[in-house]
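Just one chain follows, in the form predicted on its own, and it is written as C-alpha cells.
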Amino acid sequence: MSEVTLYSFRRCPYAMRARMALRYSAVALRIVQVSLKAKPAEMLALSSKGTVPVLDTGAGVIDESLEIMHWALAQHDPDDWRLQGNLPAQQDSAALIEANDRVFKVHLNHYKYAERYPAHSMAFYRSQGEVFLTDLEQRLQGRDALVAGHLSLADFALAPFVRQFAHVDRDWFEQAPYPRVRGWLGSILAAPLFVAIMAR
C-alpha cells in the first residue's frame, strides 16, 4: 500500500487515537500537523467538517476517528485489537466506545471548560464524569484491560479522553478512588506506542 496522509492536531484526543491505530498497524503514513486557527485548504477540500483527524487513503477520505481506527486495523492487527471471533467482547467494546464518545465526552467538556457552562459547578460536572470512571474501575478488577484479557480497541479509543479528564485537575485525579484506572492509563501513556505518537 502506498503512503496515506493524516491531518492531525497533536493534543486532540480524537487525533491521538487515530494516530495510535495507524502506527500500530504499521501503515505508511505522512502526518500533516494542522493549526486549528489556519486549517489547510487541502484538508478542507477533503472534508468540509474542518475538524481533525482526516485520513486520505488515496482511495477515499475518512474523517471520523473511530472509522480511521477500524480502517487501520483492517490493514494489520497483530495483537488482535478487534477481538476477532469474540462477538460479545466486540459488542461490549462498541457500546463502551459509544458511551465514551456520546456521554463521557460531554461531561469532560463541561468539566474542562466549566466557566463556559455556569449552570453548574466544576465539581458537579466532574461528578458526572466520575460515573464513567467508576464503570472503568469496576471493569479493571482482576484484569489490565477494559473488555478482554489484553488491551484492545476500546482501551486505545478511550485512553486519550480519560487522559484529558485526568489532566483537568491532576492533584484531584491522583487521590481519587480510581487506582485501577490510574494504573491502566499510566501503562498506556508510558508505552512506546503512545510516546511515539506524541513526539513533537
Ligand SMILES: N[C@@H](CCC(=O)N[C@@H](CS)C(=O)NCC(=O)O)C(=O)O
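These numbers come from a predicted model, not from an experiment. The numbering used is simple: start at 1 and walk along the sequence shown.
In what follows, reference is made to the form predicted in complex with the ligand, a form of this protein that is not presented.
The contact residue chosen from Asp63, Asp144, Asp169, Asp135 relative to the ligand in the model of the complex is Asp63, the criterion being a non-hydrogen atom within 4.5 angstroms. Of the listed positions (Leu44, Val131, Ala28, Leu36), a single one reaches within 4.5 angstroms of the ligand by any non-hydrogen atom in the model of the complex, namely Leu36. Contact with the ligand in the model of the complex, defined as any heavy atom within 4.5 Å, is confined among 152-160, 135-143, 52-60, 171-179 to 52-60.
Within 4.5 Å of some heavy atom of the ligand in the model of the complex lies at least one heavy atom of Cys12.
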